[in-house]
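What follows is one chain in structure tokens, specifically the form predicted on its own.
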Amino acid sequence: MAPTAIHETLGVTASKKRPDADSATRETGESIRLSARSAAYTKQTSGAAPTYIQANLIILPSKYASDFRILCQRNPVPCPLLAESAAVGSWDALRSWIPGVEGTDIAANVDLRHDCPKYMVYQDGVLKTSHCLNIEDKWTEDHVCFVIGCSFSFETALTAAGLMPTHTAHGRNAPMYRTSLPLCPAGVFMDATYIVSMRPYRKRDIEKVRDITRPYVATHGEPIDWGWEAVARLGIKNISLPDYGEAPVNPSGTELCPGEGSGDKELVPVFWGCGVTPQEAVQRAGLEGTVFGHAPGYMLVLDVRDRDILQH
């Protein structure tokens, strides 16, 4: 995480690195979960526990589990399924969907009701509670949790290559946007569209960014689009006003706008599939009952490492 490399690539100075960068190298997936469980860790998780996979959660009444599983299978880029509850109602054990990886390898000591720093609660498809610390009092024996890969997982590799995302460098949450790109439907999940996360990069670095993130298929893989023209192609209304997360910034920490740099040094938005997509699908479907998700940017940090899930 050498500040000189970051400066050369994106212009982020050493003074802008996350204030907890040194302690982050000592964090593990379990330590983040235990801290979240005790309500000691309540911040967003970009840059936390480097090399440990981070994940999105969606927790549904069991009658929707089969449809949701198919939704993930049909839409593996925005909804890469890593694991689910070991049984209906189980909040402390996982069944793995990663070949060759057991549920206990994904997260051995886990409490799905507490281990995200913050949660969202939906009732009959409508958001009722935002950024609550736990969902223990609302969990039932009929709930099934799905664990979905998160693009925060490849940010360690980008940073090691001198390509630290600007939101990480400035201690911010990643910007996330609704798009007009449709999901392949499954059962009750109709008319849903992709949510994407965005990280700005110089044009000259895009192929390197693609190469680095491509093997992370279980956590969205390489970008789905890039460039200022992609904003319109994806149907994003205003890049300065994300639907989730925080407004995007350039390397100096000011508002991201077109026209910074020229030629291959131009700074452009780069978009990835995002695991907030299922929460959008839940709202579009108007599911009956209580549904939970992680608060965008406040992920479940797992025990499995990035080296365990890479595809080459």
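Only a predicted model underlies this, so the values are computations on that prediction, with no experimental measurement involved. Residue positions are given as counts along the sequence shown, with the first one as 1.
Although not depicted, the form predicted in complex with a further copy of the same chain is the subject of the following passage.
Looking at 155 to 163, 68 to 76, 137 to 145, 103 to 111, the stretch with residues near a further copy of the same chain in the predicted bound form, meaning non-hydrogen atoms within 4.5 angstroms, turns out to be 68 to 76. Remark: Arg210 counts among the residues lining a further copy of the same chain in the predicted bound form, judged by a heavy atom distance of 4.5 Å or less. Contact annotation: Asp205 falls outside 4.5 Å of a further copy of the same chain in the predicted bound form, judged by heavy atom distances.
a further copy of the same chain is not drawn, but in the predicted bound form it has a heavy atom within 4.5 Å of Arg214. Among residues of the shown chain, Cys184 is one whose heavy atoms approach a further copy of the same chain to within 4.5 Å in the predicted bound form. Scanning Pro200, Gly171, Pro242, Pro223 against a further copy of the same chain in the predicted bound form with a 4.5 Å heavy atom cut-off leaves one residue, Pro223.
Met190 is the sole member of Leu127, Ala86, Cys132, Met190 with a non-hydrogen atom within 4.5 Å of a further copy of the same chain in the predicted bound form.
Of the residues in 233 to 252, none comes within 4.5 Å of a further copy of the same chain in the predicted bound form through any heavy atom.
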